[in-house]
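In structure tokens, one chain follows: the form predicted alone.
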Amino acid sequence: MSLPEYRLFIGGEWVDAVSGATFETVDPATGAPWARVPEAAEADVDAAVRAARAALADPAWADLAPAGRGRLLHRLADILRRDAEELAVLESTDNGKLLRETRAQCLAIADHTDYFAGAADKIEGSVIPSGKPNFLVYTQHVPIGVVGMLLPWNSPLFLTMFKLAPALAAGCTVVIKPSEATPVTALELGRRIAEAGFPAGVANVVTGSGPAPGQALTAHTCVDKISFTGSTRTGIAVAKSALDHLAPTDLELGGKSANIVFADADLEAAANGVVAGIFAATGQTCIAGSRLVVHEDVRKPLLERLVARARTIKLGDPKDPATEMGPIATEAQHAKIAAMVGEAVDGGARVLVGAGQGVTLPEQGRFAAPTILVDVAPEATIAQEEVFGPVLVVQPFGDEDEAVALANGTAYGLAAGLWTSDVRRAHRVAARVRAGTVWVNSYRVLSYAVPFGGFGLSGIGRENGFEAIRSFTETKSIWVELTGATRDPFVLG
């Protein structure tokens, strides 16, 4: 059976890669190729950037009123809502995420797009008292320009819209480079952007299977900003490349987030939150609650609940409504998870539940077992570094200070969960935990209206909320002399 074939989306046209080369994208649930996409190279990236640069100056976009940008985004939101089921199936096929989750995400991005559509004509400047009565001084927030967007494979369409919607609302133009593991939905998004009526070149999509296209995008001197989501190591390389031509970067990177459970917590609710934090999305999420920091008094009963639930998690076809954990998206990630767990066990960690210990893996596809590790030293690699898989490290504590020290005991600072019935403790500990997002008696909840991002090695900048639009603008200060008076040209005014 022939595979569906896609083309690059550049300057409002569907084109082949200059070389004519293609590559296959694989369904991780079956291990079989299911679509063929273009293999872009530096020349293709250059064409996309130049198309975005031309669109930035085209009156069809440059002179479009902010409300006009909002109307286009509302139209795109309607199309995304209409096609949510189709896009959800494509996303699940490309990366193995549960269809129930991709369906929810594809509906959420329509709401996300509507939010930023409504914000497009509310990007306000300020009138500033300058201390100089003969001047009127005000600021404007103008589009930063051409934005290069590099996306991960775990929630590609969802995370693309985190960047794309505010960038378009701000008046920027974009070049999107999806992960080589999940290229299809970005190309499908390009089709819907065209249908919504955005001028040619405002949004462009290039795909490629190696590092060259992404490197070409980050290094391109006509790119004014880079927005990246992915691993910390790659994010640092991206920032260094962009810095060579002083392009600012937003980096949404890794995490080693803690779920902190105090002795007075509702253990049923906490157990549910811990499961959501580490086993939902097969642990392939930057906000995974991969460390359980638990009070010694409730360690045993909580672990009993978690082990029992882990053993009943249904692994299998992500499109089966009964499935609770799908496959690992890439072969490299599958191997990494196994290697990190093996290293931890060799270092003295004990597996409470995992492959061969209460969990049987499907015979077909790339699967990792829900795994819980105890007796892990705080300095161990698996307690310090992101696994990006369904692996939970348990770290007991005796008092509040120790809990906070453990929670803050990594170089990351993306998220944290906090479980307690004491409202004073909740506020007190939330203030002390170094994380961009702290959930109290909950976990893994996001909104388009709430800023999201991390501290430390978890990244730079914030996505979502009005802060996201501001990140795609430059501030321009305008001084208007009101009296017509002249001054000494050799004295600073």
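Quick note: we count residues from 1 along the sequence shown, nothing fancier. Everything quoted here is computed from the prediction, not taken from an experiment.
Keep in mind that the form predicted in complex with a small molecule is missing from the display, and what follows is about it.
Under a 4.5 angstroms non-hydrogen atom cutoff, the small molecule in the predicted complex has Phe228 among its neighbouring residues. Although the partner is absent here, Thr185 lies well away from the small molecule in the predicted complex, with no heavy atom inside 4.5 Å. Shown alone here, Leu151 lies within 4.5 Å of the small molecule in the predicted complex, counting heavy atoms only. By the criterion of a heavy atom within 4.5 Å, Glu91 is excluded from the residues contacting the small molecule in the predicted complex. This chain is drawn without the small molecule; in the predicted complex, the residue among Cys286, Leu418, Cys172, Val205 with a heavy atom within 4.5 Å of it is Cys286. Among Thr249, Gln333, Gln395, Thr371, the residue placing a heavy atom within 4.5 Å of the small molecule in the predicted complex is Gln333. Of the candidate stretches 176-184, 119-127, 348-356, 92-100, only 176-184 contains residues with a heavy atom within 4.5 Å of the small molecule in the predicted complex.
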